[in-house]
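This text opens with one protein chain seen in two forms, each one given by itself as structure tokens under the names structure 1 and structure 2.
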Structure 1
């Protein structure tokens, strides 16, 4: 057979199968609406609805000194971080406010607070925090420590200046500069993180659903008795779903990330699309592997959750690798999402180049090739 004609035949059959997969997806209007929702509304909600900052934490101040110094300290707990609520009458009432959630923080300033400061003695302030939500509790404690620490330094400096001993003291000016997100806009991080997570989810689920649908309808046997090889059956499904996911990425970038959150795209968009296409193509091997195990759509969903949960926990998106235990940190090396997160943020926010992203891309490609090869091999064994 003429090799040119042979390749033309393979290419023609592949394009027709890609067209068939896209038509099947288009006829599933519920799935189309779901894709539109997650790549627009879901990313918007993630970027605008989640916050890692402290806002309007309710604080009750038990000022038992009622002096100028105690009032000045209490007045520094201001919005947007804190919101004052009526003070409790006694420690038991303060505990009840914490227990019932009416106050997140109770600060108790003891009697003789101003007198102790004036005499140069330590002045204690008790700060009770509801840490049932550990993230908010940690933020509230950190902000309080900063406010009280700054107040303490000002009082010490004023006392030394009054004694004529503060002029020659050493001083350190801390100049901070936030790179890549100077305003520390959480919507930038959350919007991009949600987009990268959705790409991962659909890179696994859509090819698996496309393959299992053939099982449920009994058309997989018809494909297998045709002149098509297993690779020719699976590859169009992956290519079609890759095109669908990239269309969703385009919608999210244009409408939400750029249009709503004004995220600056500092790197090359073609490079980001190429990385995303490579990631979807290789990660889809996990979905194909799940499709060879599952017998119906419900089983695909359960197996996908079992795979996606550890991938997300090991991605480094929410917890930096340095904060994990060494055995868990070692497992991050086998999570392709970990490398995609680094590459995605590197291109979109940092403007990194292909040469700078070579190590994570190489690892991501290697893991994806192993997953795709395993899915293809199991498919061949299952239906041979």
Structure 2
């Protein structure tokens, strides 16, 4: 430690530098406005715009029978999953309607549908699905299977009863219960996911941009000729940025997540803040590392994309680990964001405690410490 100033002097100097960094950030009006925008409007957009469920899927029914039975079956394709659109006149028109995307499903009920049912002959219903979006294609298919299955059960039950084969048919009612987000409210997931993503983006970009700007303008030399050691230059920077990001988190939690989306915050908020602070602080090491590689803003911007994109896709936010190929899954283990996502959702949505979250937190800390150590080491080597 500094022999002249002693601990207290160094601390005071550090705090003064934190103040300077905060002031500098505050005066960057573009940045402040941007931060305000992303931690409110952007999270709101992400949360309110997305819906992965089968919603308003356009279905055109070519009813070639026009009987009571066929209308009964067609009428079961109802909102919110399905929305009826005018039927095409012939198969060619149907194909065109699917090609242009005017309907997602074309269902064709054959002539003599009712007659076949009455005579005990199987009736074949064609169900054409535009599966160019694979998830929605799957959902449109399984909803139809469910609807037709139910229709069939009713039909056969009536028929069997008529044949004197006993009262009912066996069937299984499978009630589904979704934990943590019972109504499948996408806004909860998307809102939290966007927040955790923004925290990661800023934890890397802010220190990287700040350090490169000092390099580009040459002010880094001024700092280097001062009696400050590299760590004393970096720590206040990182601390100031951590504070700014946590302020953004507070804004997002209070205004958008709780205020607009009614996300139930089931765990302990102090725990979430502690985890986020630790994460931001340690992840900033990656930003510092980038700053030592890049010479100008353009390079640092591109490098940030190169680092952030893989981190996001390996975070488990979009694709669960079990769906990834084993080598990719192994890569996931080294993405600190992966652990932050687990912990973030764990605290906010699942109400998990510190003890339950110990394994991901430990891994996150370890990886973060490594990143910070590497960033600091390279920064030192480059400037001293």
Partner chain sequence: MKAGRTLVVARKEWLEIRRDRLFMALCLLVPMVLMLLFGYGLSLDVEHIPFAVVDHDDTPASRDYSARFSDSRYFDFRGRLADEGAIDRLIAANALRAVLVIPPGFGRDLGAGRAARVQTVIDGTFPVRAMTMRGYVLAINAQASADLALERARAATGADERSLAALAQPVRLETRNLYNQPLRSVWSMAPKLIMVILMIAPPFLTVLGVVREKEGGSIFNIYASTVSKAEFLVGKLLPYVAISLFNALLLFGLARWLFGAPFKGDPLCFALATAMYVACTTGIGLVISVLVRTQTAAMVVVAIVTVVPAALYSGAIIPIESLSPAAAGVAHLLPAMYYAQVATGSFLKGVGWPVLWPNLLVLAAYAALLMTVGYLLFSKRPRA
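Think of the rigid core as the biggest set of C-alphas that the two forms share within 1.5 Å after superposition. Everything quoted here is computed from the prediction, not taken from an experiment. Residue numbers count along the first chain shown, from 1.
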> Looking at both, which one would you say is the form predicted in complex with its partner chain?
Replying inline: 2
>> Quick check on residue 282: with the core superposed, does its CA move 2 angstroms or more between the two structures?
In response: no
>> Tell me whether residue 67 is among the residues that move between the two structures (Cα shift of 2 angstroms or more, core superposed).
In response: yes
>> How about residue 114 - superposed on the rigid core, does its CA move between the two structures by 2 Å or more?
In response: yes
> Core overlaid, residue 123 C-alpha shift between the two structures, how many Å?
Replying inline: 2.9
